[in-house]
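Below, in structure tokens: the form predicted on its own, a single chain.
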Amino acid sequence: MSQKGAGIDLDKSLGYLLKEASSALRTAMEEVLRPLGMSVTHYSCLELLAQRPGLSNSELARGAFVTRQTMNTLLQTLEREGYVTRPAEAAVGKVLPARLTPSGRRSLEKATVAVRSVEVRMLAGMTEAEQAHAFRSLQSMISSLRERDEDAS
């Protein structure tokens, strides 16, 4: 039984295509990170801390697109393995700002090379102008969706 007019034509849906691209990117990243003993979330956490030292658990969770509970578990593991350090007690409130250790930085350097290779492969069929256009288009989509979310609040 046909359901004409119902649903979205997945072959023409930009949202569906973006989700498929996101899934393919995540799979490719997991494949190159797995031999390094990392997941995408693990890598994201280290990268965020390298660029913004001292982020809290909540800030890291938002940046890595995971729950606070998931990030807390990951931070405990990374701390135990010597990749990050956090103070035993919060200086203010309950925030325990995390920082990369030298071991964490070395691990991140290897992971960054692996992840960069995935991005290079992903963009191989595009000219610089096409890449710049895609970047602007994606930024515009994100901005439009976030503006709508803020308007609804």
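All residue numbers refer to positions in the sequence shown, first residue = 1. Predicted model only: the values in this text are computed from it and were never measured.
Although it is not shown, the form predicted together with the DNA is what the next lines describe.
Only one of 45-53, 112-120, 62-70, 99-107 lies within 4.5 Å of the DNA in the predicted complex by heavy atoms, and it is 62-70. Although the partner is absent here, residue 92 is a contact residue: one of its heavy atoms lies within 4.5 angstroms of the DNA in the predicted complex.
Of the heavy atoms in residue 58, some are within 4.5 Å of the DNA in the predicted complex. Residues 72, 76, 86 are the ones in 71-87 with at least one heavy atom within 4.5 Å of the DNA in the predicted complex, listed in sequence order.
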